[in-house]
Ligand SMILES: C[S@@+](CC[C@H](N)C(=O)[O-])C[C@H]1O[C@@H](n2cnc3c(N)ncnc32)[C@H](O)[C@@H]1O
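In structure tokens, one chain follows: the form predicted alone.
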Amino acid sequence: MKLSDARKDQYRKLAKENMYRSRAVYKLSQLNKSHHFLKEGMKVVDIGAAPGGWLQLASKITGPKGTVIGIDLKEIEPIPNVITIVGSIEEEKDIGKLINLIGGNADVVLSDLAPNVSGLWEMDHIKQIDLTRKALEFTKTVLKENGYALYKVFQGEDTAGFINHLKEFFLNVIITKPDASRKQSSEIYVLCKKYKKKEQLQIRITNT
């Protein structure tokens, strides 16, 4: 994106005016207005949370009775009423620390993960899907029964297979793209509702 285009970006301007740390906050805001998966009092985990825009919005929505935790390899500047962890979703000690801090299982897992973009689209797509597969494995550890998960996904040849894999764990999988996503971007968001253990889903399918 050219610098001149960035200066004209309405969501970048709005983020600055409203003291949000990134324009991506409006993607989450628009998705939540459409699907209402973030609510007051919820426990929310944000994977790859730096610089913290999604954490700011999640904390605002869940309120003082909610719990919002962000985990990232990079340190996140403090946000009121938000807990942040420098760590990896592949490390058992970091997962254990997160579960202790949240006091059980999360109601919602958010993932806006993306690799450092190389410009070679097929390679970037594969790396992004791999990251999101790791996010799913983490989700299976921390998400409560009937919980929600939101994943960013780069479109490409592996997208359909990954989305079908998500359907093995969630009763409802919705593919969407908020207006705040740049039109030229190939990113989409996959909202997953009603988390179930794989065995429970298989029993449900057998009985229907």
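Heads up: residue numbers just count along the shown sequence, starting at 1. Note that the structure is a prediction, hence the values are computed from the model and not measured.
This protein has a second form, the form predicted together with the named molecule, left out of what is shown; the following refers to that one.
Would Glu90 sit within 4.5 Å of the named molecule in the predicted complex, counting heavy atoms only? Yes - in the predicted complex, heavy atoms of Glu90 and the named molecule come within 4.5 Å of each other.
With a cut-off of 4.5 Å between heavy atoms, is Gly48 one of the residues that contacts the named molecule in the predicted complex? Yes, Gly48 sits close enough to the named molecule in the predicted complex that at least one of its heavy atoms falls within 4.5 Å.
When the contact criterion is heavy atoms within 4.5 Å, does Lys43 count as touching the named molecule in the predicted complex? Contact with the named molecule, no.
4.5 angstroms heavy atom contact with the named molecule in the predicted complex for Ala114: Heavy-atom contact with the named molecule at 4.5 Å: present for Ala114.
Does the trio Ser29, Lys39 and Gly66 actually contact the named molecule in the predicted complex, every residue with a heavy atom within 4.5 Å? Spot residues vs the named molecule: no contact at all.
Which one, 175-183, 140-148, 53-61, 157-165, holds residues whose non-hydrogen atoms are within 4.5 Å of the named molecule in the predicted complex? Among the listed stretches, the partner-contacting one is 53-61.
Sequence-ordered list of residues in 149-169 near the named molecule in the predicted complex, where near means a heavy atom within 4.5 Å: Only Lys152 sits within 4.5 Å of the partner.
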